[in-house]
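Below, in structure tokens: the form predicted alone, a single chain.
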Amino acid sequence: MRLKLLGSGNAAGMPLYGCACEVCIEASANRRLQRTPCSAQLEIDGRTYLLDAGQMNLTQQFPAGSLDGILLTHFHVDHVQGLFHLRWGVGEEIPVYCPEDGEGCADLYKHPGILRFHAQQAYVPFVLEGGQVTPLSLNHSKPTLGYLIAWQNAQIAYLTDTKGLPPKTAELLGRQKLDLMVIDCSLMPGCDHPGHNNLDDALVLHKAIRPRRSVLTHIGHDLDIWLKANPQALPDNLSVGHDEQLVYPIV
């Protein structure tokens, strides 16, 4: 099993449009410092799945026939905007596993094209090519699912967008021996938001769930600035994710 972050940013991205701060100037000059919409690529036993679809160039990144499915956390635009073009393709249908959300996003339900949406219930596992996926309820402004993915002896959790975790999700994850937790961390310490973790929240979850390793994602502009000024703020087994980073297995 392999998990690569395709994007690690919040909806605003990095560099922030119109901003001339030091961090944005550096990101403008160095592609490795840029942050595109939060998403990931999961490979299980030779099959390829996406975790969210906010990348706008999915049709260029993944040739026809190369995507075996998509796991959506929720239907906010920055997590589904890549589907609006992808759906008009021809050929095999692509299953999209998603939360139950009657609104969805714009006209995706009305005109799905080659996409086939399969609503999932929280805490009811399903199978992907020999791997078991358990949808997990998250705290956000739309119906949102995280995913616990188990394959052979490995377990990883992908948890964005969320503010803290619902008690049942936290309790379930605390019973696991997670190899990796990818967790929403949009904001710097002390900055509160009802739908996203700040660094204080992420550290509390990291300590409570005790994964072997945690990676922060959905990073916001102000958090990037704060982390640059406080490079020693994170424990050894918690790191900040970056676009195109292979986060599992650790190499």
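A residue's number is simply how far along the shown sequence it sits, counting from 1. Predicted model only: the values in this text are computed from it and were never measured.
The discussion below concerns the form predicted together with another copy of the chain, not included here.
The partner is absent here, but in the predicted complex a heavy atom of Q81, alone among T134, Q155, Q120, Q81, sits within 4.5 Å of another copy of the chain. Proximity of V124, L173 and N230 to another copy of the chain in the predicted complex is absent: no residue of the three has a non-hydrogen atom within 4.5 angstroms. When another copy of the chain is considered in the predicted complex, K168 lies well away from it, no heavy atom lying within 4.5 Å. By the criterion of a heavy atom within 4.5 Å, T48 is excluded from the residues contacting another copy of the chain in the predicted complex. Although the partner is absent here, D107 is a contact residue: one of its heavy atoms lies within 4.5 angstroms of another copy of the chain in the predicted complex. Although the partner is absent here, P194 lies well away from another copy of the chain in the predicted complex, with no heavy atom inside 4.5 Å.
Stretch 82-90 is the contacting one of 143-151, 124-132, 82-90, 176-184, since its residues have non-hydrogen atoms within 4.5 Å of another copy of the chain in the predicted complex. Residues of 21-56 placing a heavy atom within 4.5 Å of another copy of the chain in the predicted complex: M56 alone.
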